[in-house]
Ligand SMILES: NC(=O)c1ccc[n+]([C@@H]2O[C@H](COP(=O)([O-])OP(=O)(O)OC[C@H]3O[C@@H](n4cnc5c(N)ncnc54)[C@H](OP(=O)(O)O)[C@@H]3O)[C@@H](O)[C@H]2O)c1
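As structure tokens, one chain now follows by itself in the form predicted on its own.
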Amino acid sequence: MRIGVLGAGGMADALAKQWARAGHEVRIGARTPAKAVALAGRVGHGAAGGTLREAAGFGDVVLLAVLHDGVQDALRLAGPLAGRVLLDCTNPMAPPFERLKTADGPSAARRIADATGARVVKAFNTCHESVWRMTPPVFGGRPLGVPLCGDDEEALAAARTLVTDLGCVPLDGGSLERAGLLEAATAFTVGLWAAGEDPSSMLPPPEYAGGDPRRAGKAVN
């Protein structure tokens, strides 16, 4: 698979390295092309670097891996993305994690989809870059689950492949309308971690989750 990576920060570094090792063709783009070229050199495995537009045009799948505040500028420089598969790993949050930067409006993923016409999948936004550097991310003998929210089955299938190539398990997170819930859940868990709490301790094993999953829409007593 040809993957264009928009951004040259920690998330771009971690995911690009894993996918290049798995045999995918990777091209990294950044506002400062020299940074993308330098990152591509560290990634190796034939990865190349250049402009955001070059990376966007290269990929069968495009990963948006920039800070939330830089999303609009990155998309502008990337050029047309209508109809393309775009993985959004951004998080519209900042300390003290009491509200999202998107406020009460559409999710960051929905705004990206509306602005570009791309087939957006919300993915890879729940963990720090250090987790994505693990080969593979396994905790207590259980591979990491990666929730995916999207509306296009072809885009979701591509995302599932890239999740599996990391040694992780793709989780059906529902439609893109649920991306806002995923963004909020990530901000909440990061807030717990920042306060010195262990977010993983709030989730019981699946067998204690509350009976029949088909009745999940009913109130939990």
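The first residue of the shown sequence is 1; numbering continues from there. Just so it is clear, the model here is predicted, and its values are computed rather than measured.
Below, we refer to the form predicted in complex with this ligand, which is not included among the displayed structures.
Using a 4.5 Å cutoff between non-hydrogen atoms, Thr32 counts as a contact of this ligand in the predicted bound form. In the predicted bound form, this ligand sits within 4.5 Å of a heavy atom of Leu67. Taking the partner from the other structure, this ligand in the predicted bound form has a heavy atom within 4.5 Å of a heavy atom of Asn91. Using a 4.5 angstroms threshold between heavy atoms, Glu129 counts as touching this ligand in the predicted bound form. Heavy atoms within 4.5 Å of this ligand in the predicted bound form belong, among the stretches 192-200, 152-160, 24-32, 168-176, to residues of 24-32.
Counting a residue when any of its non-hydrogen atoms is within 4.5 Å of this ligand in the predicted bound form, the hits in 2-28 run Gly7, Ala8, Gly9, Gly10, Met11, Ala12.
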